[in-house]
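This document starts with one chain, in the form predicted alone, laid out as structure tokens.
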């Protein structure tokens, strides 16, 4: 499979998982961990117009049309920003989307492990985490039809 075909399948899986998770998410705010170009954030604000969306990233690289309001954007290292967000909003996130990493397991697995507790403590009971990798210790949910196992993940908080 070409890298282009792989990217298309990944983005399609991401969209399907986000939409499925949002439909099942309890009340509460959303969290985008890893803004990047802002495409996912832009999609979330279109499909979740009634929810606050917090965003964390190392630095602002989003297209201006896809940038969050300054009041909902935290810039810096994920560990520090997640701790800061917890201090501001506590356990109030209904759906988090995690899109950090470089696609290399030796790098990405330890990063997810290091952030797992910080993300979990933000999630309301029954809150959902949609991610580009598996989070150990969090219950995985069924994937939407058409999303291949291992392509994307939906987790439910305890």
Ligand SMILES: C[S@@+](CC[C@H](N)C(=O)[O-])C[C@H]1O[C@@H](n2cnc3c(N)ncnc32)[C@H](O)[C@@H]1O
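Just so it is clear, the model here is predicted, and its values are computed rather than measured. Numbering follows the first chain given and starts at 1.
As for the form predicted together with the ligand, it is not shown, yet the points below apply to it.
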Exercise. Can you say which of 88-96, 46-54, 117-125, 30-38 gets within 4.5 Å of the ligand in the predicted complex, counting heavy atoms only?
Worked result: 30-38
Problem set entry | 4.5 Å heavy atom contact, residue 111 to the ligand in the predicted complex | yes
Exercise. Are any of the heavy atoms in residue 84 no more than 4.5 Å from a heavy atom of the ligand in the predicted complex?
Worked result: no
